[in-house]
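Given next, in structure tokens, is a single chain: the form predicted alone.
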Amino acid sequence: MSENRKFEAGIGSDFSKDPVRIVFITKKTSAKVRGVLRDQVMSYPHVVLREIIAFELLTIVLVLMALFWDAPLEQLANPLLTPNPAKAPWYFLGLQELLHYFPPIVAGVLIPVLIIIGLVAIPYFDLNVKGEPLWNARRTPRLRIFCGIVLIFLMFFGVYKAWSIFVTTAIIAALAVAGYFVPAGRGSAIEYLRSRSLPWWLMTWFIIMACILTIIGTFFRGPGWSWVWPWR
């Protein structure tokens, strides 16, 4: 406090530009950050009316489906007659498909726990808040790390012969790496892939993988969980 230092005060609310702030608080005064005022609308009636319309449309669609299509119910449960295969509800068929490839401890415990830990740990990491493309900076080191991680996962899937996961992961990784070699301005589709960030690629892989596993478990698994074609 003995030195005379010069401080400049400023007002800002953009955390990506000003990650570190110093706030001076005096007695009977609270810290205040003034943001940029943008166009705003009231939740009622703008949002509430849209939600009511969406709810009514969804109700009409469900009623029409109930009138023209019967629910796919089977006969009463018989403890002496077990269906083959015994399939879980559709929202668990992706997990049941994983149990076909990996040991129960891996598919039923390890993978779900890792997903939950990842979701919990996301807020504690420095996320790409600006949405910068994957190959925007440090291109060569990122390419080496990305390819190394993808190869490890592909080897893991290949050992357990999870070919559906293997092929899907390889295709998505190839599309991501294509943005590294293709220069800018080569078409809207390529430019769209080049501008995607790493979180976007991870979420895309997760969603596509969950859909594919669910579709395979629903339509392509028959007695003994063997592969069957749905039209046979």
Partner chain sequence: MAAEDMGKISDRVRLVFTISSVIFLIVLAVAPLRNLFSEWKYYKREYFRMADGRPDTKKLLADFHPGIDQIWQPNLNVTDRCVTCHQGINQPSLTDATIPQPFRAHPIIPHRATEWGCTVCHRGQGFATEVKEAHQTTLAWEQPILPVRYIQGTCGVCHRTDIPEAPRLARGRAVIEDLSCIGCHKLQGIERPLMLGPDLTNIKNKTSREWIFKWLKDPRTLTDGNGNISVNGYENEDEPRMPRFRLNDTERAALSAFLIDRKSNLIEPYKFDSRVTAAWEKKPDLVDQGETRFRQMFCSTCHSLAVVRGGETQLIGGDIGPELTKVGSKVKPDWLVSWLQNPQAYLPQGLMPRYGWSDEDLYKVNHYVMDRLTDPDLLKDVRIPEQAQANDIQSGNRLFQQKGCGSCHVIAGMKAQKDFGPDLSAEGAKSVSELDFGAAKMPRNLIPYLESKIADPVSVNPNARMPQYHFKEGDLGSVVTAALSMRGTQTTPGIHALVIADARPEYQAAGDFGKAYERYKCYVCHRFNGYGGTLAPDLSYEGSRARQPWITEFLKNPQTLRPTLTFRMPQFNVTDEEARVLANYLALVMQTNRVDLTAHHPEFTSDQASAGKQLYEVTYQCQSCHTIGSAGGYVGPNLINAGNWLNTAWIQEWLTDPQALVPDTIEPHRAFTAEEKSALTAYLVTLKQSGTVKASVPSGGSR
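We call the rigid core whatever largest set of C-alpha positions still superposes within 1.5 Å between the two forms. Treat the numbers as computed from the prediction; the structure is a model and nothing was measured. Numbering follows the first chain given and starts at 1.
What follows is about the form predicted together with the partner chain, which we do not show.
Peer 1: Between 159, 81, 149, 114, only one gets a heavy atom within 4.5 angstroms of the partner chain in the model of the complex; which residue is that?
Peer 2: None of the others qualify; the residue that does is 81.
Peer 1: Name the residue from 60, 171, 178, 189 that puts a heavy atom within 4.5 Å of the partner chain in the model of the complex.
Peer 2: Selected option: 60.
Peer 1: Residue 183 versus the partner chain, in the model of the complex: is there a non-hydrogen atom within 4.5 Å?
Peer 2: Residue 183 lies outside the contact set for the partner chain.
Peer 1: Would residue 167 count as a contact of the partner chain in the model of the complex, using a 4.5 angstroms cut-off between non-hydrogen atoms?
Peer 2: Close contact is absent here: in the model of the complex, residue 167 is far from the partner chain, nothing within 4.5 Å, heavy atoms only.
Peer 1: Would all three of 42, 46 and 52 be in contact with the partner chain in the model of the complex, where contact means some heavy atom lies within 4.5 Å?
Peer 2: Heavy-atom distance to the partner chain in the model of the complex: all three under 4.5 Å.
Peer 1: Does residue 44 show a Cα shift reaching 2 Å between this form and the one not shown after rigid-core superposition?
Peer 2: Indeed, residue 44 is displaced by 2 Å or more.
Peer 1: Indicate whether residue 78 shows a C-alpha shift of 2 Å or more between this form and the one not shown, with the rigid core used for the fit.
Peer 2: The answer is yes, as the C-alpha of residue 78 shifts between this form and the one not shown by 2 Å or more after core alignment.
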